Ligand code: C5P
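Okay, here we've got a single chain as structure tokens, the form predicted alone, with questions on binding and movement later.
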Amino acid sequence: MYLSAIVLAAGKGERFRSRLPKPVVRLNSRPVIIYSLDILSRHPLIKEIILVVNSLNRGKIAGAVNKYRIPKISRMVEGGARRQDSVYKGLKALDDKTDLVLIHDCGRPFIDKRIVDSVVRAANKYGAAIAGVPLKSTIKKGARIQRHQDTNTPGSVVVVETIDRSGLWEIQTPQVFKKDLILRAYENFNCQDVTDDAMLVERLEHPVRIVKGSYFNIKITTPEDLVIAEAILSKCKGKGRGKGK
């Protein structure tokens, strides 16, 4: 089995509000992107890693990769306007020998070998698999009151219904697919706006398996998430997670 990984780092990170590109912002003593790259590069099944970057962060990411001596980086390509455009560029850069493709957001630093093993194993058997965790929060559907022009006005949104959370999952990355399946999904449906790669495979009516991820596998999107990530890192220090093992 030839397994390739695509790591996405092409987003502008506008919600993160930092002078530095989010992938190279320090989490403890290392750039955010290095945590997941370290895990993926150490995984025995992964043969290559394709980094998808943008023109503004390419140099800094290349510098971090060199400094931390991350192996298995086969290519660095520039992404597109949307996340799915960036993934598609990564897919087109895959080695011809690739059987399975692992897609991961660099903003999720706390993956581990168990998660990667589980998703890869399920995808190899069923064609498509994603990491996720059962939803814990109460979810309500809201609607804006039309008379309020300012959507930030307190009370401008009312509850329409409370969603039954049983059976609902918060989806994460990594997501793993057979190469021919994910390519066919992108070639057929890339013009449609989606929020993750599995949505395109779903539109092929191919079943996507969910495997248990981790509640630690958060995505760093805003400055508040970095505070949570530092707490997770502190909690897990000494258990190997902070060292990328």
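Start at 1 and count along the sequence shown; that's the residue number. Note that the structure is predicted; figures quoted are calculated from it, not measured.
Keep in mind that the form predicted in complex with the named molecule is missing from the display, and what follows is about it.
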*For A123, is any heavy atom within 4.5 Å of the named molecule in the predicted bound form, or not?*
no
_Under a 4.5 Å heavy atom criterion, is L3 part of the interface with the named molecule in the predicted bound form?_
no
*Hey, in the predicted bound form, does G132 get a heavy atom within 4.5 angstroms of the named molecule?*
no
*K179: touches the named molecule in the predicted bound form, heavy atom cutoff 4.5 angstroms*: no
*Go through 92-100, 159-167, 114-122, 79-87 and give me the stretch that gets within 4.5 Å of the named molecule in the predicted bound form, heavy atoms only.*
79-87
*Work out which of R42, R30, R184, K219 lies within 4.5 Å of the named molecule in the predicted bound form, going by heavy atoms.*
K219
*Heavy atom of each of I171, P174 and G213 within 4.5 Å of the named molecule in the predicted bound form*: no
*For the stretch 102-118, which residues lie within 4.5 Å of the named molecule in the predicted bound form by non-hydrogen atom distance?*
D105, C106, G107
